Structure formats: C-alpha cells, structure tokens
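Here's a solo chain for you in structure tokens, the form predicted alone.
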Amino acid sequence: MHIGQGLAIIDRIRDLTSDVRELTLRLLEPSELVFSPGQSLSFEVPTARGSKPAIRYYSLASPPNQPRRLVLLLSASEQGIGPNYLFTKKAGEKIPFGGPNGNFCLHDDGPRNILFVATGTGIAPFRSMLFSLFERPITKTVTLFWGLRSEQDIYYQHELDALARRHPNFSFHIALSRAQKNWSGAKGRVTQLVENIPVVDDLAVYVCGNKRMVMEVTDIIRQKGNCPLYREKYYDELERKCLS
C-alpha cells in the first residue's frame, strides 16, 4: 500500500506521560488492515512551502488481532517535523496513511528464547509483538528490557504486569537513567542490563529505540556470541555506511 491509499479517523487521543501520546486510529478505507506485529504506518508530513512532503514512519503498537483500530505512540521529545505534525491532530480528524511497511517482524527462530530491548517509544512494535506472541501458549522465555529516564516516564506498566502474571515465562525490566533513590528497579542505561546477560547462544534479540542504544546493544550482543539480532532496516543501512 502506498501513501494516501489508506484513510483513518483519529478515534482517541491519550496522554500517557507529559511527552508521550497514544493515538488510536479507526480505519475507514480499508475497513481492516492485515499486518505483521512490528510493522509500521507511513504518513506524509508537510514541509517548507514548495517542498515535497516528508514521509515519516510509526510502528504499530496494537496487535494484528485488532485490524480495525490501530494504535500509535508519539513522543514530543523526538526531533523533527513528524511528531510535531501528528501532535497537532485532534480527535475526529481524518488522516491518510500508507502501510503496512517494513520487515521488522517476529521471526521463527525455533526454540530460541526472545529478548526485546527498547528505549522510549521504541516499545511500540514490542507491545504489538508481545500481545501477538501470547495469543497462544508458548514454552520459550520472553524478556523485555526497557530504558526510560525517570518514574514519571513509565507507562503501560499495568499491562506488562498483567501479562507477566498470566504468563510466567514473560518478564520485563525497566531501567531508569535518572531514577530516584527509592526506585527498586534497575538504575542506569538499558545497555547495562544487556551487558549482564551471560550468554546469548539461546537467544533471538530484537532492538528498537534511539540510534545510540541500538548500535551499542548490537556491539554488546555480537561480542557475546552469535545469535539472530533484528533491527529496523535503517540501522543496517547506517552501519553499512559507517563501515564503508
């Protein structure tokens, strides 16, 4: 599907923190969207007068079993025109989109356990993947490492707690880089949690978030051993450019 071939209406806007907003889109055309967990929607964003619109991509935070109502996460702290444009939208507005886009999806890696590593709104594709994974019983261990700044930046914790209660093979760990003294969870950057993993031979690793974290986690995992590691295509292109 190309930009403009889909049309949705903004059904709900929910501020999850002071700078993270959840947008729920209700599909108009088509009435349902078939997608894989981890894929994204694309939007045309107006630029300077006379310039071509820019294309911006947002991972779907909702699972494929909700094909008529799609959830996106926006961060006000993200740089660029994309977030600012979508932040101006109001409930009831119609918005054209393209998609689904991308190959950052769940892969069949046999019995390998799964590790998700995210920062900020990089949690979006993993939320979709988690709900999709646990639609049916699975035996493999699934772990989420999520890096945020402070307690005020935490959201979706009740969802994650409920998922962990229902599925003992799922666990999540939130690392706060600016934690208060009474924070009982991990303190520091999420990369420290990855560094503490003893071996990666039985893992399939998925990484999404800020560029620095993704590249650092990639280096850490590769130094520890050989395992499948999945990132957005953008990071693979960036790494090839750096190595050339």
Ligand SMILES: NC(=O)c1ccc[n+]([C@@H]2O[C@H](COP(=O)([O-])OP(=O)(O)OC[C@H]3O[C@@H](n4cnc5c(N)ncnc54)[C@H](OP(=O)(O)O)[C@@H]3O)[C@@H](O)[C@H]2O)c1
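Numbers for residues come from their place in the sequence shown, where the first is 1. Only a predicted model underlies this, so the values are computations on that prediction, with no experimental measurement involved.
If you look for the form predicted in complex with the named molecule, you will not find it shown, but the lines that follow are about it.
**OP:** Heavy atom within 4.5 Å of the named molecule in the predicted bound form: which of R149, K140, H173, H167 fits that? Just give me the one.
**Re:** After the contact test, the surviving option is R149.
**OP:** Check, residue by residue, if G122, R189 and M213 all come within 4.5 Å of the named molecule in the predicted bound form, counting heavy atoms only.
**Re:** Verified in the predicted bound form; spot residues all in contact, yes.
**OP:** Find out whether any non-hydrogen atom of R69 is located within 4.5 angstroms of the named molecule in the predicted bound form, and reply yes or no.
**Re:** Contact with the named molecule, no.
Subject >> 4.5 Å heavy atom contact, S36 and the named molecule in the predicted bound form >> reply: The answer is no: S36 has no heavy atom within 4.5 Å of the named molecule.
Original post:
With a 4.5 Å heavy atom cut-off, would you call E159 a contact of the named molecule in the predicted bound form?
Top reply: No, E159 stays farther than 4.5 Å from the named molecule in the predicted bound form.
Original post:
Taking heavy atoms only, is R26 within 4.5 angstroms of the named molecule in the predicted bound form?
Top reply: R26: no, not in contact with the named molecule in the predicted bound form.
Subject >> Location of the named molecule contact in the predicted bound form, chosen stretch of 113 to 121, 159 to 167, 88 to 96, 127 to 135 [non-hydrogen atom, 4.5 Å] >> reply: After filtering at 4.5 Å, what remains is 113 to 121.
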